[in-house]
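Taking the form predicted on its own, here's one chain by itself in structure tokens.
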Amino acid sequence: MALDAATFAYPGARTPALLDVSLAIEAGTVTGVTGAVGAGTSTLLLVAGGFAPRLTGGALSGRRDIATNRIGIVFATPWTQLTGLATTVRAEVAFGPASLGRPRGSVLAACGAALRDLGVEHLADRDPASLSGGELQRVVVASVLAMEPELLVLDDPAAELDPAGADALYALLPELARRGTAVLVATPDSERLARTAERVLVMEGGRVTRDGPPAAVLDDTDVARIARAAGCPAPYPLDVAALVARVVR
């Protein structure tokens, strides 16, 4: 997936939410996006995944090159992503691959693998409407993974999860990349992003202002400012080397 000088404005907006953004996301990588509220991180994900302006309306200029139709997106609000047609978690997760016309055996295999990946096999026979927010978020992620996307776009995917659940979800992202998926994840959680992503984009005012390895991009000032703006606790130092460098400088 590649963007070249992409600029996007929502319907009726006076100023663009995304301004002159150029980047490429490679298969087999985890790319993180972070920034304060209103920085444009969610808009970048919608444009990168091909959902804006197709579903949102608005105007997009510049070039967007998406080489696959197998794109999955996960939002921070899992209840908005339920089909409303399934009475069990297993049926909910199987709905996506089944709707793609895949054989029954393939659907069941993909469903089972996704449930295992998210640690929700024990919920397979539960009604999705009976789940907690954290359980539901893991089920939604499993539903998207069951369709085996080549580009996976996640917008603050651990917002409904407890710390252990968030750690497990972020630990899964590099494994998905090793399987060949291109992962693009936006979050104010700079600590987990630093542990997970190979590359981090920092956004301000609809622009990408920093782009590089986490240790080079997420300095103390950025981490604290983004965490405060999102109402998150200040994260721990990125790593021991970074901590030593800050102490001795």
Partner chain sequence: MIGYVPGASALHRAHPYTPLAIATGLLLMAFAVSAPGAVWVVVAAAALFAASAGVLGTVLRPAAILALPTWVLLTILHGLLGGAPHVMLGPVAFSVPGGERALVFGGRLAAILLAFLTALATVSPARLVEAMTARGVPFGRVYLLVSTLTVVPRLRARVRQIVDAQQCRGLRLGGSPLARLRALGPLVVPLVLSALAEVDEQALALDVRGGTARGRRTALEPPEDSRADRAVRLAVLVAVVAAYAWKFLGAGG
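Numbering follows the first chain given and starts at 1. Remember, predicted model here, so these are calculated numbers, not experimental data.
This protein has a second form, the form predicted together with the partner chain, left out of what is shown; the following refers to that one.
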Note: the partner chain not shown here; in the predicted complex, the stretch from 156-164, 98-106, 169-177, 116-124 having heavy atoms within 4.5 Å of it is 98-106
The one residue among 218, 208, 184, 46 placing a heavy atom within 4.5 Å of the partner chain in the predicted complex is 46
Against the partner chain in the predicted complex, would residue 137 count as a contact residue? Criterion: heavy atoms within 4.5 Å. no
Review point. Residue 67: heavy atom within 4.5 Å of the partner chain in the predicted complex?
Key: no
| query | Contact between residue 72 and the partner chain in the predicted complex at 4.5 Å, heavy atoms? | reply | yes
Whether residue 132 contacts the partner chain in the predicted complex should be assessed with a 4.5 Å heavy atom distance threshold; does it? no
Looking in the predicted complex, the residues of 71-87 with a heavy atom no more than 4.5 Å from the partner chain, listed in order, are 71, 72, 73, 75, 77, 79, 80, 81, 82, 83, 85, 87
